[in-house]
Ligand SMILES: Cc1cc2nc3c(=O)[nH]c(=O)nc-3n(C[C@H](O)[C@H](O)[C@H](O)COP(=O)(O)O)c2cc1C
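First comes one chain, alone, set out as structure tokens in the form predicted on its own.
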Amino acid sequence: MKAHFISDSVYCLHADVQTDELFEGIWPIPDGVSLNSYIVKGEKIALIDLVRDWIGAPQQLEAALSSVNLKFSDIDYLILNHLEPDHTGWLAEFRKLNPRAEVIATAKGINLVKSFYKIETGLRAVKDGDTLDLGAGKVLSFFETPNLHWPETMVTWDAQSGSLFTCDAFGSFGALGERVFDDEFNEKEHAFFEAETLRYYADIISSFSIFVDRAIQKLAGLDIKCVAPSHGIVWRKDPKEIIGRYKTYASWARGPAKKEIALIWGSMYGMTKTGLDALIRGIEKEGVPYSIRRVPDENVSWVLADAWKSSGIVIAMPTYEYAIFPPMAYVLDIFRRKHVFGKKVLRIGSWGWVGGAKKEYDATVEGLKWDSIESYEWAGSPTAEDLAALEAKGRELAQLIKKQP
């Protein structure tokens, strides 16, 4: 691994992690994830954000440092924008290699340094607007951005180069390889990273969309030439692109999203799937785009991303032992936790012994502020009349989506 030149005295050091381990213990990363740290040099040297000991990440970081003739012991300041362990897990080992480096974070961040890593000395708490003079005209500024996506988060700003170091904000899933900058990827690769950015946002950031809005407004006056997150692409050609994406994703938390429908279904013996097929015929007649995810076959990570970007949702599931089909109950719980609010939603499904899912379902989604079409249920396999009604339901939902602003 080599360091990537951003501007005079500013470098990106990145490590790629390829693993079957789930991100945050929940989200699959089949295409890996990058861990980006940054060096800013004046008369003194700052390292912005760290890594955890994860599939050789510290060794990759060490190699990148070496490519610009630096060692861990050369670092004067370690700036921690965010204390989640994927960015700080190697802190105790770093401190052993360099006991003199001062650790800088927000006051809440310093408290986490103490509780996570039992480090009590060499710590400095900074607040909104504080600066760090590295000498030789290089001054870093700090802006608190709470709940992006933990309460202690901040961003670091280098006005001289126009670089904004944002840690988890403006990040993405996906390993980078030997390239890190937006102008180094082709159109197909950008399409991949755009999908992984949406999935990352839905999985990691979506609950805190109001704070995304606040942070973007707070930073709007900066002349940003480079957005440098700690996961994903470093945006030096078009930093407004990634900021715009996050602004759009955040807007979907409070208003209409894309004119699409996310179909989320589970079926025990195919009877609910037969009904769903009829519903799809109705949607297709109205020409509204849709995505399809089956649970539990497909991980909730992709289900959540589809739901976040879509204005309409279909929940298709059978009654299971008088209640919600258990894999769908998990999906609905994730939707609640991630604030998938304000969607136009239709639930359909079959039942065998007797109905029962509707009562639990209605109580479960009550807090999601969904605009729900009346559910449609049937006993056993759907009749011709059921299929006709389901097709009509599909058209009804699609028409509502087409009419939205």
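The first residue of the sequence shown is number 1, and the count goes up from there. On a predicted model such as this, the values are computed, not experimentally measured, just so you know.
There is another form of this protein, the form predicted in complex with the ligand, and it is not shown here; the text below is about that form.
> Does every residue of 267, 350 and 355 put a non-hydrogen atom within 4.5 angstroms of the ligand in the predicted bound form?
Replying inline: Judged in the predicted bound form, 267, 350 and 355 all sit within 4.5 Å of the ligand.
> Looking at 174, 229, 282, 318, which has any heavy atom no more than 4.5 Å from the ligand in the predicted bound form?
Replying inline: After the contact test, the surviving option is 318.
> Of these, 329, 271, 278, 119, which has a heavy atom no more than 4.5 Å from the ligand in the predicted bound form?
Replying inline: Partner contact (heavy atom, 4.5 Å) among the options: 271.
>> Looking at 69-77, 194-202, 321-329, 177-185, which stretch has residues with any non-hydrogen atom within 4.5 Å of the ligand in the predicted bound form?
In response: Every other range fails; the passing one is 321-329.
>> Does any part of residue 380 reach within 4.5 Å of the ligand in the predicted bound form? Heavy atoms only, please.
In response: So residue 380 counts as contacting the ligand.
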